Ligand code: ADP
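Okay, here we've got a single chain as structure tokens, the form predicted alone, with questions on binding and movement later.
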Amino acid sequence: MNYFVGIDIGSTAIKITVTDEHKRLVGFKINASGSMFYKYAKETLQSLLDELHISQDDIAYTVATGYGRKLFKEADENISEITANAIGAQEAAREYGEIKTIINIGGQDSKAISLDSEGNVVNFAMNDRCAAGTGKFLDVVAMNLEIGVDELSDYHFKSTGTPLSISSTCAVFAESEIIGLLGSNHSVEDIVSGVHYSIAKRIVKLVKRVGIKENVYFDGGPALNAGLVHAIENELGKKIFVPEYPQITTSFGAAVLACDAFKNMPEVEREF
């Protein structure tokens, strides 16, 4: 059987997904990007193939995407993460319905993508000027509050007061603001809720730039945070769909595109 690989080399994490000929998810692996993108991507791919008992010879086509996509020279082609994200979201949410709006929060940026009725990207907006409102910011918040990132959701839902205002748009100043709130004896629960709502407000502004449409899809590692999902839904006034594995939407989309590219190749080219 032929297998297809999607490699998303992001600024903070490498996500690799393998699908079969029917575009079904076979397996995935996530590792930190570190300082040597190519080396770690190669090691992550080999580790995943070993776990799946798949030989390199069984990989029919590989598509790279993300921040460091051009560094992975073995890829058959590389594509924009916007395109890969859109394809992955539509495939992952096939049973949910037609996706029209995608929210993606990564380690160091956030994106809003608008699709037409045929699934084509018609507009997108990105915030990559500051870490506030990204996964990295949530890491810093958790560290300052001396809790785990995976605990943020629990603290959010334990908050009983009005979410505190975190007004700074810069991650550094927002961090100082959080430290100040702690010093004023505000509860960790209310601070976490305030952080989530501050991120949600920024995301909604981003989405409004591309136009809010029904069937909103949310991916990226922070989508695992149910408290953040709750805040974004309240700010949007809409339910949003979160896939089972939100971290790999873009690499999954790259693998789906790899499958399509291979099937569209002339038979003679598939033999080489």
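Residue numbers run from 1 along the displayed sequence. Predicted model only: the values in this text are computed from it and were never measured.
Missing here is the form predicted in complex with the ligand; even so, the following discussion is about that form.
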{"item": "Proximity to the ligand in the predicted complex, single hit among Met126, Val121, Val149, Ile179 (heavy atom within 4.5 Å)", "value": "Val149"}
{"item": "Listed residue that, although the ligand is not shown, lies within 4.5 Å of it in the predicted complex (heavy atoms), from Leu224, Val26, Ile59, Ile240", "value": "Leu224"}
{"item": "Contact test in the predicted complex: Gly107 vs the ligand, heavy atoms, 4.5 Å", "value": "yes"}
{"item": "Proximity of Asp139 to the ligand in the predicted complex, heavy atoms at 4.5 Å", "value": "yes"}
{"item": "Non-hydrogen atom contact Val256 with the ligand in the predicted complex at 4.5 angstroms", "value": "no"}
{"item": "Exercise: Thr44 in contact with the ligand in the predicted complex, heavy atom 4.5 Å", "value": "no"}
{"item": "Candidate stretches 34-42, 232-240, 49-57, 213-221 - the one whose heavy atoms come within 4.5 Å of the ligand in the predicted complex", "value": "213-221"}
{"item": "Within 183-202, the residues that have a heavy atom no more than 4.5 Å from the ligand in the predicted complex", "value": "none"}
